[in-house]
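Encoded as structure tokens, the following chain is the form predicted alone, with no partner shown.
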Amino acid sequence: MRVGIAGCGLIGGSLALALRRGHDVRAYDPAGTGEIAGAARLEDLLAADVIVVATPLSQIVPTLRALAVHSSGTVLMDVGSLKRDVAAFAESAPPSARIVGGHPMAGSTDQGLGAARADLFAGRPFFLVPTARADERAMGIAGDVARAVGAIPTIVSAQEHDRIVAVLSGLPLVVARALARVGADVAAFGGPGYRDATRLAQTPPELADALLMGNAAEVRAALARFRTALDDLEREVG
């Protein structure tokens, strides 16, 4: 399989490291691709069977738009943490474009190519989101990518994806921030439990804000459920 990767941060770099075992991988990243075989321009990736868009969240749709015009049979697959905007873009994309939403449920508070690991996705769910421009072949290729990096392909809708991410990523981030604020004056005495519970509060602000603000309604709904659970626990404490 010929794979193009647009963006070589933690996720894109880890995909490249995992996929180059048995696949032809080329990557494009304005910041440089290090040891990964690089393409001089984004358009140079279009000879691939699939292009994985692993740019920052704000650049995913612009990158898909730039590629979709000339993509022909190449499958375009993003790996961002939110899917509504990708699904909306696919509605108006050229009829010949083939677009699949993707999101490996794996990551780290460390960022950049230097933090990339070939085993990052091993055994983890890899969400695949059908769009208006996805067909059976495109979904099959996206599934092949997920399996090739050791992940478990899991098909969900864009709406369900964003709801799940709000609960599993957005809510823990908010709770970690809240706990870090409450414990700020005693944090120096904290042990492994406190450090583990507040680890996500170290998420870079640009990543955290994109995840929370871009999925605000679902995060608020998750927070409402969490408040109810806290109230129940408070009554149990007495």
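Start at 1 and count along the sequence shown; that's the residue number. Just so you know, these numbers come straight off a predicted model, no measurement behind them.
One more form of this protein, predicted together with a further copy of the same chain, exists but is not displayed; see below.
- Checked against a further copy of the same chain in the predicted complex, the candidates V182, V69, A47, A31 yield a single residue with a heavy atom inside 4.5 Å, and that residue is V182.
- The three marked residues, A97, G114 and V149, fail to reach a further copy of the same chain in the predicted complex, with no heavy atom of any inside 4.5 Å.
- The partner is not drawn, yet in the predicted complex one stretch among 87 to 95, 120 to 128, 74 to 82, 137 to 145 has residues with heavy atoms inside 4.5 Å of a further copy of the same chain: 120 to 128.
- a further copy of the same chain in the predicted complex is not approached by L42, whose heavy atoms all lie more than 4.5 angstroms from it.
- Contact annotation: P205 falls outside 4.5 Å of a further copy of the same chain in the predicted complex, judged by heavy atom distances.
- Contact annotation for V61: none of its heavy atoms lies within 4.5 Å of a further copy of the same chain in the predicted complex.
- Interface membership of A132, defined by any non-hydrogen atom within 4.5 Å of a further copy of the same chain in the predicted complex, is ruled out.
- Contacts of stretch 6 to 25 with a further copy of the same chain in the predicted complex, defined by any heavy atom lying within 4.5 Å, are made by none of its residues.
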